[in-house]
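One chain comes next, on its own, written out as structure tokens in the form predicted on its own.
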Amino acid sequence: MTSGCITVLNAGSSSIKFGLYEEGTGGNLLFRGQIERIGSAAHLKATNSEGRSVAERSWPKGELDHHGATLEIVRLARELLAGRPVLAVGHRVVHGGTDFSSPVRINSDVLAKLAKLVPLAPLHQPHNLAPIEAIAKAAPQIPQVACFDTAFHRTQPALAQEFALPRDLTAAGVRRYGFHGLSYDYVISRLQEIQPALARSRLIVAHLGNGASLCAVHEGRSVASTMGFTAVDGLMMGTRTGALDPGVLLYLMQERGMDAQAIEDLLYRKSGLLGVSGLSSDMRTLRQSETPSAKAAIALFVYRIVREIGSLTAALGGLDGLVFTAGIGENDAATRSEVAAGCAWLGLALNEESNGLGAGQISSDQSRIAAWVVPTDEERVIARYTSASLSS
């Protein structure tokens, strides 16, 4: 009998990552890939589990939107699976609000509730929902499951989720949600496999990429995080401001005449590493630059991380381990070294040779705090949850 497969879609603002997995919560990866530059000159590339290219294609500028890109992935999946059925499709959805604290099978009611959360994640939620709608129309018989970036943080104490606002606003959902939860979920599950004692301790996981956040974790559960009501809060990011005095927004409206759309564009797309450097949102480009503005952007990025590590250490009542993950966290040894230097007061010291390799434990034998690099895999977490939902 032919076994079935799980398809995973992780849609961003200009790309859709995808993975095809064997059925089962421990399902093996069969194929993975992405369509990038959606809305521009879209390009698809897919590889098998060994990393060998199995498909590549490009489209003229403006020809492919998220709906069309989803259908192209569906067509490719059918071709690669050669008759093996797709049992379900799992999706990364950034915001689950207060209604969804765990993965959920998608129906029209769920989709309507998720659409109402678009204002809370304007860069992500619309693109997360577009593939769901495309598959519901093209293949309504296939179950779809939403897995949420906010769900991991629903274990936080009520105090950690509140702003100092009137109670009616808190009750209406204006609270700290936290994001990157699927990444944190995977990292903790991986640590439970390779370092179970560390996974149970007081940890800060640093998800450092174009989007960046920190999460304080104890006994495998989220205690506090740097992101709050939206995914623009907390750390400085590739193009996002991170934490900002609300008075700045009042100033921009009252003195600069900026409306909500202009402010959204500034906060989400024109600030962060890009805004400070005036050069790029890509850490690799900034590291190669000798310009003072590039160096200033990197310094501010590291400074904000170190400050927030201090804050989350207080929330945990101490710190036993620091784990780096995501694009910058996994691949930029210089950032890890600079963050560690800023945390020397905590007793953190790196083994620079191990740090240069960028895998596994990178703290020195003399360090009072364990430091690790654990590559994240959000798609595998989604595949596990999607497969589990079929048997529940």
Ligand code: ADP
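All values derive from a computational prediction rather than experimental measurement. Note that residue numbering follows the sequence shown and begins at 1.
We do not show the form predicted together with this ligand, though everything after this point is about it.
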Contact of D282 with this ligand in the model of the complex (heavy atom, 4.5 Å): yes
Contact test in the model of the complex: P103 vs this ligand, heavy atoms, 4.5 Å: no
N210, heavy atom within 4.5 angstroms of this ligand in the model of the complex: yes
G27: touches this ligand in the model of the complex, heavy atom cutoff 4.5 angstroms: no
Answer option from I328, I38, I362, A340, heavy atom within 4.5 Å of this ligand in the model of the complex: I328
Contact segment among 343-351, 42-50, 66-74, 328-336, judged by heavy atoms lying within 4.5 Å of this ligand in the model of the complex: 328-336
